[in-house]
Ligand code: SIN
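Before any questions on binding or motion, here is one chain by itself as structure tokens, the form predicted alone.
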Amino acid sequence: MRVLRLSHVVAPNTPKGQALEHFAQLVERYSQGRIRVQIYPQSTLYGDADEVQALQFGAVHFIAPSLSKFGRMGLPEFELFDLPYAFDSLEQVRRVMDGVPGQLLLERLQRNGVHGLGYLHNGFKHMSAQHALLTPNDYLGLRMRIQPSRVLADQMQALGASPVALSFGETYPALQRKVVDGTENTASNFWTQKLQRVQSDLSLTGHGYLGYAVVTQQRFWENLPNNERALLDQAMRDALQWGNTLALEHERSSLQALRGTTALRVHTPGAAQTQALRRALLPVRQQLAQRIGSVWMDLLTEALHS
């Protein structure tokens, strides 16, 4: 039996955790038990800081990092997905991922010895703190946790907040100890991580998208027998399709659960408030265009309107 290791940083009951578990089940079924995927969730094997390096060194076979992670690998093009208010719907995200930009980005991973297997959705991010975050003035002076990403750092600075880059596993204790005042995350991550215990207010800004790429080591992938590579590729495609449907359902149920808890106040920005946030964050888009070049911004625009 071939045993493959898959490491990720979120809880098993998140959409990503469940999709990856489904992948493991499909691999065992399709291979009739000849291949087994051992999953290490919630940073039990590797965390945000070292999972990519572990993959490149062959210590693990699969990881599913957030798209923001690839900017730190010298691929700032991936930060297109971090742009605030870049997408109006999940359908627009799909167009970009399935279209030219998304496929070119997966190909670029090969420069770092990584092979991209596909994208996994989580949903749209919202802002949280100890008060409502509905206008740019509400962010002044706050310390906001972000994933390590230049775009996300620029976003918080444009709003008047101080960005603090922390791994996913460090977020809850940092909020609990008041090392940071707030954060951004999807409803499903907010609910499964029980952030309502350390944050009193969630503002449904929907300002950014959070997604993942499931990747493997290029050398490992190329050295697999053709039949095993085809089997793993099919299992991953089926698992991602299943998981992306689940993610949408989980986001809705998590938001409903958060609205129902007495520990949290949930706020919805009005049209004028959203427009003020959009205006405040416009320079972030301009800064990214200068850093990665207008070609990538044009590809994004074309895919969004295709």
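Note that the coordinates shown come from a computational prediction; the quantities given were computed from them, not determined experimentally. From 1 onward, residues are counted along the sequence shown.
One more form of this protein should be noted, the form predicted in complex with ligand SIN, which is absent from this view; the next part is about it.
inquiry  = Within 4.5 Å, heavy atoms only: does K69 come near ligand SIN in the model of the complex?
reply    = Judged by the heavy-atom cut-off of 4.5 Å, K69 is in contact with ligand SIN in the model of the complex.
ask   = Should V10 be counted as a contact of ligand SIN in the model of the complex, where contact means heavy atoms within 4.5 Å?
value = Residue-level check for V10: yes, a contact with ligand SIN.
message = Taking ligand SIN as it sits in the model of the complex, is N189 in contact with it (heavy atom to heavy atom, 4.5 Å or less)?
response = Yes, N189 is a contact residue.
query = Might F220 be said to contact ligand SIN in the model of the complex, defining contact as any heavy atom within 4.5 Å?
reply = The answer is no: F220 has no heavy atom within 4.5 Å of ligand SIN.
ask   = Which among 74-82, 222-230, 172-180, 205-213 is in contact with ligand SIN in the model of the complex, heavy atoms within 4.5 angstroms?
value = Of the options, only 205-213 has residues within 4.5 Å of the partner.
message = Taking a heavy atom within 4.5 Å as contact, would all three of K16, F168 and N185 count as contacting ligand SIN in the model of the complex?
response = Verified in the model of the complex; spot residues all in contact, yes.
inquiry  = Suppose contact means any heavy atom within 4.5 Å; which members of 140-167 contact ligand SIN in the model of the complex?
reply    = Read in sequence order, the residues that approach ligand SIN (within 4.5 Å, in the model of the complex) are R145, Q147.
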